[in-house]
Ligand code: C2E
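One chain is shown next in structure tokens, namely the form predicted on its own.
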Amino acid sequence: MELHFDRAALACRKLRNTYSTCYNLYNSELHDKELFHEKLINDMDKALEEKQFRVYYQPKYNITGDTPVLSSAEALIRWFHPDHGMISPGVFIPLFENNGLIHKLDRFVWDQAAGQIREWKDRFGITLPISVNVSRIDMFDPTLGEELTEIVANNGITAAQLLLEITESAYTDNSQQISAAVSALRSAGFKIEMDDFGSGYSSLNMLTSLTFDALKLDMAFIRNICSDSKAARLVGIIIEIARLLEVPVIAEGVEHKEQMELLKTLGCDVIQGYYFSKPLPPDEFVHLIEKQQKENGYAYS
């Protein structure tokens, strides 16, 4: 009987944010999905031990000068499962966020990224900052600052070189507590990027009470920026607001030259997206560093 209740509850959860029907059925599709998710949860620790998770890096380019300059990168997790191949982060990250396992995965990424910063510094004599995601669960951990400080110290880098991305929606969950946590991290030397700005429903006046070091536009703004004049004007307004707040603007999801040129005209500072490069494993990313060194040095965001 308890199993039946659990399955009914699972079917009910599928109705969230759905208004076209008032009922749902537990069927073979839901059953298979439930079994798959259970397997991923059970496999996570083994996956960490066996290095099935790999960190890829997507470059960010500063476009404020005449020529785009490699300025930083974002760490992105990939899972190469022995039975299921590469599993999309869109599958396992929400799953781990819901059950609390995301902190284990986040810590793995933080440590990998910090080690990568150090490795590139030793190899190329440059410091390329890397941004990492900090989930909502992490933000409510009272030991977060100590944990991150320990990671950067163990890898011989500074706090300012490990950039912390916190989603806009995290600020709206509990703005006072999140703001206090962010202030503590900034006091420890970390730089905060507000990620996915525009994807949530925070009010503009909320920006005046929040502390962060960069504003990262949600890619939904960029998708139609060249064909939709309203979208372009809105991005321009957001960039102007960022100027008033004295923080740089990062645009992600840029795929075309026209998007990049328009964003440059509007005053965007940093670009990330397939126009420059897809996320790359470290051994491929080094080619971008070598190319940058030959051309025109570095300009950090």
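Everything quoted here is computed from the prediction, not taken from an experiment. Residue indices: 1-based, along the sequence shown.
There is another form of this protein, the form predicted in complex with the ligand, and it is not shown here; the text below is about that form.
Residue contact with the ligand in the predicted bound form: P89 places a heavy atom within 4.5 Å of it. In the predicted bound form, no heavy atom of D111 sits within 4.5 Å of the ligand. In the predicted bound form, the ligand stays beyond 4.5 Å of every heavy atom belonging to L263. Remark: E252 counts among the residues lining the ligand in the predicted bound form, judged by a heavy atom distance of 4.5 Å or less.
Residue heavy atoms within 4.5 Å of the ligand in the predicted bound form occur in exactly one stretch of 118-126, 224-232, 146-154, 75-83, and that stretch is 75-83. The contact with the ligand in the predicted bound form, taken as any heavy atom within 4.5 Å, belongs to I102 out of I178, L207, I102, A160. Although the ligand is omitted here, in the predicted bound form all of N133, E165 and M219 have a heavy atom within 4.5 Å of it.
In the predicted bound form, the ligand lies within 4.5 angstroms of at least one heavy atom of each of the following residues of 261-279: G273, Y274, P279, in sequence order.
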